[in-house]
Ligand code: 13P
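In structure tokens, the next block holds one chain alone, the form predicted alone.
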Amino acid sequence: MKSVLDSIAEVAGYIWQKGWGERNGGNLTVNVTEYFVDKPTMTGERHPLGASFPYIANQYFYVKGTQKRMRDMARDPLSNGSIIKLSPEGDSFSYVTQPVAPTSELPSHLMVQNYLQQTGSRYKATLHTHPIELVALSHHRAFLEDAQRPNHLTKTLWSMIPETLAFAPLGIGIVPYQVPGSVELAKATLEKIKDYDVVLWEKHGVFAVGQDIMDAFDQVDVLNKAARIYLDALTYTAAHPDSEPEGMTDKAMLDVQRIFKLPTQRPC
């Protein structure tokens, strides 16, 4: 359990240092059930979730606290978040550690965690953060979903550097703008997470899943690095309007996929 908390603190520190977690921006959850061998019987007050999550009933999660800052979580995860246990019905929770009210987006995170358990996924972590360069690209209509240019953003990011394709082989999904914290945003995110490990919320941030919190962070980091390379390349275009960032060719990207035997769907 200590190693999980240390990893959460490390990722929170990276997010703050990169400027991805202004004030109390961003949140995360991690399924920590495997670390509770002797399951304590919960007798404390139950807090309703407003929905039922049957596939994660009786399971344990670390959850970032509401209004808590990533920079503070980096110093002390258990003063800026809590470990909670879901009820047998999966519709409420009790605190296992000292009570720190969870993020208001907890039901959205648990909706995805419920899906991951339902499908037998090895993924245990969900992360929402505000990577600057990816959010910047979401302000450009050309990179949003378009029937004329499907997966344009994914292909652009993959083409910037071979490692993007190697370490983010599923690319990035896109959810059109929705009110933050809304049910509509949660449902749209869940649909995209069925096909992608990282989902870009238009003009807002990203939502990512991973086998642990570092895995989720790494995929966002890789994709955002590619976005930064693209934006940096555009600075030359500003002085030379006829020169768009070239990117790797389709053949070069296919060679990377072939050599590294990259998956085209999430491993179970």
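Quick caveat, the model's predicted, so the values are computed rather than measured. Position 1 is the first residue in the sequence shown; the rest follow in order.
Omitted from view is the form predicted in complex with the ligand, to which the following refers.
The listed set P99, P176, P88, P180 contains one residue whose heavy atoms approach the ligand in the model of the complex to within 4.5 Å, identified as P180. Listed residues T164, T126, N114, T103 were compared with the ligand in the model of the complex; T103 is the one with a heavy atom within 4.5 Å. Residue contact with the ligand in the model of the complex: G25 places a heavy atom within 4.5 Å of it. Among heavy atoms of N58, none comes within 4.5 Å of the ligand in the model of the complex. Contact annotation for T66: at least one heavy atom lies within 4.5 Å of the ligand in the model of the complex. Among residues of the shown chain, H130 is one whose heavy atoms approach the ligand to within 4.5 Å in the model of the complex. The stretch that touches the ligand in the model of the complex, counting heavy atoms within 4.5 Å, is 25-33, out of 232-240, 47-55, 25-33, 218-226.
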